[in-house]
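One chain follows as structure tokens, the form predicted alone.
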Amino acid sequence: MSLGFSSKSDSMSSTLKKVLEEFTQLNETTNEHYAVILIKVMINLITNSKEMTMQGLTHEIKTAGEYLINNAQAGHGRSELVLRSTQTIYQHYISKGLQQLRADSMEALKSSLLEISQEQIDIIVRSKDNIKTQCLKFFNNRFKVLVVGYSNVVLYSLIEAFKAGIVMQIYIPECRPKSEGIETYRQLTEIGYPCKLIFDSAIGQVIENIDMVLTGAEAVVENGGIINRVGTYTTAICARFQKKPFYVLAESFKFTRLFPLSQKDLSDSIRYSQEEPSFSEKLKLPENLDLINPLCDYTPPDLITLLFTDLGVFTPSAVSEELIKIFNT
């Protein structure tokens, strides 16, 4: 009897290893969004699964998703949140699909799950264009904008605005500890966008001269707040003090069922980076440096003006209603 359990365990271990290897390879060799990659990996898992029952297949999908969340790197040093929110919504639609299916064979069941998976990919692919459309109605040539960190959807919206002849003056903090703002600066200036790179410590001085703040998000939580790169919260506080609007651009697959009330409510795996930050060689640092190196922070909803999403433009208070709609439909 134990040999049967051992064989099953070995098979699952092998499956999980393949899933992680496939995710890592696609993430390193393609420019596709991590959320699309995650679902594509799940599509291959469903296609190649040897499970003979619906219960076995759903367990395999759920286990593989959790394994990816805990072991995969989403790119640009993102936290587990960016994978967890996608997997949670994907799992919801898979479970909902299974409840409604009347498949008479495993092949028919797999076919239906693959159709659901492709629908989710299509939604993700369209999300950036939907957000961009909302933004183009709002952007203006006269605007001076402070952009926080590196966000695919923020970059895409700004570049598409530039192509449409809407050219704003962009200010970009370096975004330590990973200096992601430098990558944002590089990509925008390559197409001729007028940008200025600023030190993180200069945000308070610069923000009084800008018209608005734009940022992405790693997750949008139930109360309408966001979890994003460290420094987002600080920037939002400065924006509120200077009475500057603070706008978030985020795809709906980043909506997550978390409800933090403060920084301490974030788990250590979300808050802290395991990587050593880089310092200038000119700095003479102590050998035993006691360093706090946070990766993300939580920005509460009262500091956010609006969220631009592929489902529409929302106030923070409306986000919980949208989450209810997603998980009740």
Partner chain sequence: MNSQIAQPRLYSSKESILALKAHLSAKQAKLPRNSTIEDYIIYIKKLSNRLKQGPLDFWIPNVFRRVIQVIRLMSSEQGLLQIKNKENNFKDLAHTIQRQSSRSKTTVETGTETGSNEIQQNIILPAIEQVLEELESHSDDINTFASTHFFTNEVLLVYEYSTTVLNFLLSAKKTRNFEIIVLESETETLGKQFATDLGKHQLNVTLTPFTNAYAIMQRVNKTLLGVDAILKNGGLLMHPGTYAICVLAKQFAVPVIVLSGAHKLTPKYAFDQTTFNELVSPLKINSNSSVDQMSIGITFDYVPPEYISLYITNQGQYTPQSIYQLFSDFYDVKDEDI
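Numbering follows the first chain given and starts at 1. Remember, predicted model here, so these are calculated numbers, not experimental data.
Another form exists, predicted together with the partner chain; not displayed. Remarks below refer to it.
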Practice problem: Assess the spot marked by S252, D310 and E321: is the partner chain within 4.5 Å of a heavy atom from every one of these residues in the model of the complex? | Solution: yes
Quiz item: Among the candidate residues I166, I237, I182, L101, which is the single one with a non-hydrogen atom no more than 4.5 Å from the partner chain in the model of the complex?
Solution: L101
Quiz item: Between the options Y150, Y233, Y247, F139, which residue brings a heavy atom to within 4.5 Å of the partner chain in the model of the complex?
Solution: Y247
Practice problem: Tell me, yes or no, whether Y93 is in contact with the partner chain in the model of the complex, where a contact means a heavy atom of each within 4.5 Å. | Solution: yes
Quiz item: Is there a heavy atom of L197 lying 4.5 Å or less from a heavy atom of the partner chain in the model of the complex?
Solution: no
Quiz prompt | Proximity of Q87 to the partner chain in the model of the complex, heavy atoms at 4.5 Å | solution = no
Quiz item: Is there a heavy atom of R126 lying 4.5 Å or less from a heavy atom of the partner chain in the model of the complex?
Solution: yes
Practice problem: From the candidate stretches 25 to 33, 258 to 266, 54 to 62, 298 to 306, select the single one in contact with the partner chain in the model of the complex, where contact means a heavy atom within 4.5 Å. | Solution: 298 to 306
Quiz item: Taking heavy atoms and a 4.5 Å limit, what residues of 108 to 125 are near the partner chain in the model of the complex?
Solution: S112, E115, I116, E119, Q120, I123
